[in-house]
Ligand code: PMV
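Take a look at this single chain, the form predicted alone, given in structure tokens.
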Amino acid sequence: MSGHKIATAEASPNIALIKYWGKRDDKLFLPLNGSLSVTLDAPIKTRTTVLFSEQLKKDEFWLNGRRQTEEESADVVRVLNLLRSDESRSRALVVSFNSFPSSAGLASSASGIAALTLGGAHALNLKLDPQALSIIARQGSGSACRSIMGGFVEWTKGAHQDGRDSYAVQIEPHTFWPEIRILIAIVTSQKKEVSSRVGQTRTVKTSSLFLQRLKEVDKHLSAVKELIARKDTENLFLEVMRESNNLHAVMMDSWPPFFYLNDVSRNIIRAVMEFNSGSIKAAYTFDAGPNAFIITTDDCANELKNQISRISGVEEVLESKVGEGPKILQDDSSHLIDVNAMIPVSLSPKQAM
């Protein structure tokens, strides 16, 4: 490869309705169970520019204006190595900005690795289908394989040891259920004390309740797929809340126990339960962090958003529709890298978006 090649992509996180928690292979990011998610839309997104050039001496990764350490860049480099051929001498400069807090349970790794995978493949002119992109993204961050697609997405756990049958599949496009809204209640922007990877390993090794979860999770996944197909909001929302409760129960059952939810998170749960008095009109769900995702419909979104915003400790409430998935930005002005100088463009996160 001569010269340099560059591309910029944007991707959004996804929120799992049936959670991925625990791996059967840590290196290939092969899950112990299948999962199902909904991809978010603006304003929750990551923009990533990938530049490959023979003039670069080593791979370099910048996130939100800060150069990342070798350890912090490990997942990015793993994806880069999967994208470029063994004989390629080109190293890469990767510059990424999130429009939302990183490492706070908002799936920033999912959107970041998805944008990197799509942008990197485009820069190298690789003709990869969504399945192939999903397999590559999975090896940078498990849930990133779902952010390669929009709408409602299932990640099949697969059976092969090499991971070739563990990838995401879109079960419904973003246009399927336009009434759905996802509220994101920001409780904290602080990095969590126990990372998702550390937490998953601890749970798999020490929680007896987790074994029971694995016996039942496939049944719940099938039920959620059917409820989405029927657009059965009440029963879907009930399944989503109970699934979230189950995930955080196995964390508490781990040893030593660890907790992602805090008092504000629990107050959000109480508020949603009060809102559902009489009939279930919304569902709370939490990934590995205290920030809440609340799924509802457009006719309830404003009222619920106002209620959640009044809870002490809630910093901000964002609103999202079901997203259509990642995209390549064609305008050269969207690049986060000065191609001539091969350095990150000096921007604030808001300017970068």
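In case it trips you up, residue 1 is the first one in the sequence shown, and so on. Here the structure is a predicted model, which is why all the values come from computation and not from measurement.
The protein also exists as the form predicted together with the named molecule; that form is not presented, and the subsequent description refers to it.
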Q.
Is it the case that S147, even though its partner is missing from this view, gets within 4.5 Å of the named molecule in the predicted complex, heavy atoms only?
A. no
Q | Heavy atom of A16 within 4.5 Å of the named molecule in the predicted complex | A | yes
Q: Mark A292 yes when one of its heavy atoms lies within 4.5 Å of a heavy atom of the named molecule in the predicted complex, and no otherwise.
A: no
(Q) Contact with the named molecule in the predicted complex for Q200, defined as at least one heavy atom pair within 4.5 Å: yes or no? (A) yes
Q. Within 4.5 Å of the named molecule in the predicted complex, heavy atoms considered, which of Q170, S90, S196, S73?
A. S196
Q. Quick one: of S207, S99, S109, N267, which gets a non-hydrogen atom within 4.5 angstroms of the named molecule in the predicted complex?
A. S109
Q.
Only one of 60-68, 280-288, 39-47, 307-315 has heavy atoms within 4.5 Å of the named molecule in the predicted complex; I'd like to know which.
A. 280-288
Q. Can you tell me which residues in 130-147 come within 4.5 angstroms of the named molecule in the predicted complex, by heavy atoms?
A. S141, G142, S143, R146
